[in-house]
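Presented as structure tokens, the chain that follows is alone, the form predicted on its own.
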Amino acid sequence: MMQFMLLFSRQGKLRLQKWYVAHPDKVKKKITRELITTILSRKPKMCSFLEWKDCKIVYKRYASLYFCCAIEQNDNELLTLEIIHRYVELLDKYFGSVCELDIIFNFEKAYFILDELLVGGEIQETSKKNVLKAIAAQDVLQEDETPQGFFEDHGLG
């Protein structure tokens, strides 16, 4: 089972975090800081797997973002790399060549896509098509909930 997933930039800025195991905020911050520092200090040609405390860390860099997951000792690192890649593919399909700014300004969509893919740290849906259908349905619902003239009617447009 996945313990958590972190997305951070080459500058060490945390862009997204999803925790599947409960930790106090102070511990989360410590873990995040420690892992970001460790991963950013590694050379590009080094292995993407680390033994860390009582779990394994699997990470992959795509453009300016690092995708980092903590998994249990008996979990498969290659499967975790595939999950990371599937998430990146879904982000790419949704945003059309995803970049760091897409994650920053549309973080709720990034979380929604992740939640469609993983639930409780376990893969929920392996089909990209099904995940994209769910996202499209959510977008339609969201559009239906926002009345067209709302902002103009309230002097905000």
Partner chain sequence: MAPVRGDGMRGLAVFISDIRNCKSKEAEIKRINKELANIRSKFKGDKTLDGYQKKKYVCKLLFIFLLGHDIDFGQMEAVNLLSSNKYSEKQIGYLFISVLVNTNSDLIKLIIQSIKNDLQSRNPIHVNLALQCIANIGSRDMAEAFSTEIPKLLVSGDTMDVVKQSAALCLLRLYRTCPDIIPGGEWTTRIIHLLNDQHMGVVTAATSLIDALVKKNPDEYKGCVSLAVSRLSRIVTASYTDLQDYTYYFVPAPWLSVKLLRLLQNYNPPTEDPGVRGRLNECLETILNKAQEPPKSKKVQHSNAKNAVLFEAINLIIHNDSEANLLVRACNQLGQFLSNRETNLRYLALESMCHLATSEFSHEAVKKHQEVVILSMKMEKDVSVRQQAVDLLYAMCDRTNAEEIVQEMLNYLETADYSIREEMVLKVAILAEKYATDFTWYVDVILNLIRIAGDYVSEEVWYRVIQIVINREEVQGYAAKTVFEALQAPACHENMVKVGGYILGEFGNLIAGDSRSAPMVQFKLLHSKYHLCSSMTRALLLSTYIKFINLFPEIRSTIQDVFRQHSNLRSADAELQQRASEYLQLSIVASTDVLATVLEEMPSFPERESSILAVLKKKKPGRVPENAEIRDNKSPVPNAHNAHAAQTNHTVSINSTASSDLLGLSTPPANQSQTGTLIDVLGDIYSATNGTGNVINNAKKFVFKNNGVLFENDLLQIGVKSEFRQNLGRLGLYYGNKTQTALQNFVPTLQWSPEDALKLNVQIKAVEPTLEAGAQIQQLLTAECIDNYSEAPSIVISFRVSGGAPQKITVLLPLTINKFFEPTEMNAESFFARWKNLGGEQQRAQRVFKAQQPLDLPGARNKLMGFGMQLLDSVDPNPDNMVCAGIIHTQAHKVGCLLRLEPNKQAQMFRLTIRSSLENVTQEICNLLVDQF
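Numbering follows the first chain given and starts at 1. Small disclaimer: the values here were computed from a predicted structure and weren't measured.
Absent from the display: the form predicted in complex with its partner chain. The rest refers to it.
Colleague: Test of understanding: in the predicted complex, would residue 112 fall inside 4.5 Å of its partner chain by heavy atoms?
Modeller: Yes, residue 112 is a contact residue.
Colleague: Within 4.5 Å, heavy atoms only: does residue 83 come near its partner chain in the predicted complex?
Modeller: It does: once its partner chain is placed as it appears in the predicted complex, residue 83 has a heavy atom within 4.5 Å of it.
Colleague: Answer yes if any heavy atom of residue 127 is within 4.5 Å of a heavy atom of its partner chain in the predicted complex; otherwise answer no.
Modeller: It does: once its partner chain is placed as it appears in the predicted complex, residue 127 has a heavy atom within 4.5 Å of it.
Colleague: Classify residue 94 as contacting or not contacting its partner chain in the predicted complex by the rule of any non-hydrogen atom within 4.5 angstroms, answering yes or no.
Modeller: Yes, residue 94 is a contact residue.
Colleague: Using a 4.5 Å heavy atom cutoff, which residues in 1 to 16 contact its partner chain in the predicted complex? It's fine if the answer is none.
Modeller: If the 4.5 Å heavy-atom criterion is applied to its partner chain in the predicted complex, 1 to 16 yields 1, 13, 15.
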